[in-house]
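Just one chain is shown here, as structure tokens, and it is the form predicted alone.
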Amino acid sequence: MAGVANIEFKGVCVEYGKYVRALTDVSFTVEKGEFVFFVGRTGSGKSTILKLLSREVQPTRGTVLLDGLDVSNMPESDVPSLRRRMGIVPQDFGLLPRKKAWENIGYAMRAVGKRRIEVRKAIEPILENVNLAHRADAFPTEMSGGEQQRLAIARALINSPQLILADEPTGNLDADHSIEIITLLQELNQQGATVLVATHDLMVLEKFSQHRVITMEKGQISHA
């Protein structure tokens, strides 16, 4: 619903040791259903923002809120359920090389005891959603970079997340595949998901200029 804050950062600082600051006094809000690019050079802090939301990183100071829930002070035991609400697309594809495409997507379901036939049925529409139904039985090593990235996104969709965090999803792709991946994320956004993308890909920003951009520089927001 437009106008409702889905995500809120309040004076967030992240420090590693005494001399390294990843973020300094970062504050912003993201509304439900927004598509936001976080832009900046390597080390500017954009990936740290995504990791704060998934609790891979905790703030040194400040507060991170998701749907009003204080993620920064959440008990460690609640973190797995938090992450199941998200679709996390890591910077490297993170695929299991000895498992087929459909098995990569269904791995988490199998881990909690779902039967093989249940998994196969559940992931069919997800594979169709990312245009990989015809590659269900391919291994990651048999797939192009664009297909592997789509598979990583498909895996992130297994729990129908309302928040998608994509860290440099076009970093290893050529221009055509980059446009394909951002178009896919845009379609998921149009279906209702809030989408946050960390990138330094200027071509992507120019092509998808209708979306909000938050520019990071040396751990701070330089433009929002």
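A quick note: this is a predicted structure, and the numbers were derived from the prediction, not measured. When you see a residue number, it is the position in the sequence shown, counting from 1. The term rigid core refers to the maximal set of C-alpha atoms that superpose within 1.5 Å between the two forms.
There is another form of the same protein, the form predicted in complex with a further copy of the same chain; it is not shown, and what comes next is about it.
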Might K10 be said to contact a further copy of the same chain in the predicted bound form, defining contact as any heavy atom within 4.5 Å?
no
Using a 4.5 angstroms cut-off on non-hydrogen atoms, would D70 count as touching a further copy of the same chain in the predicted bound form? no
| said: E31 versus a further copy of the same chain, in the predicted bound form: is there a non-hydrogen atom within 4.5 Å? | reply: no
> Does P125 make contact with a further copy of the same chain in the predicted bound form, using a 4.5 Å heavy atom cut-off?
Replying inline: no
Per contact check vs a further copy of the same chain in the predicted bound form (non-hydrogen atom within 4.5 angstroms), the hit among 23 to 31, 60 to 68, 194 to 202, 181 to 189 is 194 to 202
Applying a 4.5 angstroms cut-off on non-hydrogen atoms, the residues of 155 to 176 near a further copy of the same chain in the predicted bound form are E168, T170, G171, N172, L173, D174, A175, D176
Could you check whether the CA atom of H134 moves 2 Å or more between the shown form and the other one, using the rigid core for the fit?
yes
Item to check | Threshold 2 Å Cα movement between the shown form and the other one for D92, core superposed | outcome: yes
Could you check, with the core superposed, whether the Cα atom of M143 shifts 2 Å or more between the shown form and the other one?
yes
The CA atoms of Q190 and G145 move 3 Å or more in the predicted bound form, ending up farther
Taking the shown form as reference, the Cα pair G171 and N131 shifts by 3 Å or more in the predicted bound form and sits closer
